[in-house]
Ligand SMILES: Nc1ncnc2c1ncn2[C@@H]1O[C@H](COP(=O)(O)OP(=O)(O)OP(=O)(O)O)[C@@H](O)[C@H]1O
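Here we start with a single chain on its own, the form predicted alone, put down as structure tokens.
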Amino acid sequence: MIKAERIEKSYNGERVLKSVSLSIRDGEFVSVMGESGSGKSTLLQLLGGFLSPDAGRVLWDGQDVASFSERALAALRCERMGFVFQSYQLIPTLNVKDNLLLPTVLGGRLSEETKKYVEMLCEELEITPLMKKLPETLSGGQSQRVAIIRALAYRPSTVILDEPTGALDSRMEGKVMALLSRINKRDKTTVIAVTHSERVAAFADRIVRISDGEILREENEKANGAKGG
């Protein structure tokens, strides 16, 4: 379980998150929705341990992330969590193939099985012809799909995505969300996704709506048939 307990975050004296509490169960699919500047991306980075809260705490399976050593944080990111940033954060000097396999190399988990899994994901999201390309030659949508596959490459138990379909057309959005939904259901992978799209949010078990740094409400109803794609 991932749990945020009354977390707060400010930048230059401006409160971005105001005593936010949120629990995410193992295997749950949660969408976080809100206007630009609502604090949802900051919330995701706090949940992933990329930022430290000014107050409150973030727990992974009961352990306070703030107490993790650099090695423990690295292990969390290399072994248990896949994270997709809005900026994608592809390594500019590595081609697509090497970017995709980098987390498995760093985590010591590169295997033939992993390579085959990555190849399957590339086929599904239509990245295979781009394997030798450098990131600077990719479109925004192509970069986004590479970042998503990279986050899924080593089958992490939790995937955290910041606007995972923001640069995609409706056809590819559907393919990405079908993939995430399938992994969530088949592998019991926890999925946490920030989105502006009601279509994307409808794939979740629960929608968390955030405004001005506070959670407005949570909606636990699944849209009929949305997760079946």
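When you see a residue number, it is the position in the sequence shown, counting from 1. Computed from a predicted structure; not experimentally measured.
Omitted from view is the form predicted in complex with the named molecule, to which the following refers.
- Contact between residue 35 and the named molecule in the predicted complex is found at the 4.5 Å heavy atom cutoff.
- The closest non-hydrogen atom of residue 86 lies within 4.5 Å of the named molecule in the predicted complex.
- The named molecule in the predicted complex comes within 4.5 Å of a heavy atom belonging to residue 163.
- Though the partner is left out of this view, residue 39 does reach within 4.5 Å of the named molecule in the predicted complex, counting heavy atoms only.
- Partner contacts here mean any heavy atom within 4.5 Å of the named molecule in the predicted complex, and among 41-49, 57-65, 184-192, 166-174 they occur only in 41-49.
- Of the candidates 207, 24, 16, 215, 16 is the one whose heavy atoms come within 4.5 Å of the named molecule in the predicted complex; the others do not.
- Along 188-211, a single residue, 196, places a heavy atom within 4.5 Å of the named molecule in the predicted complex.
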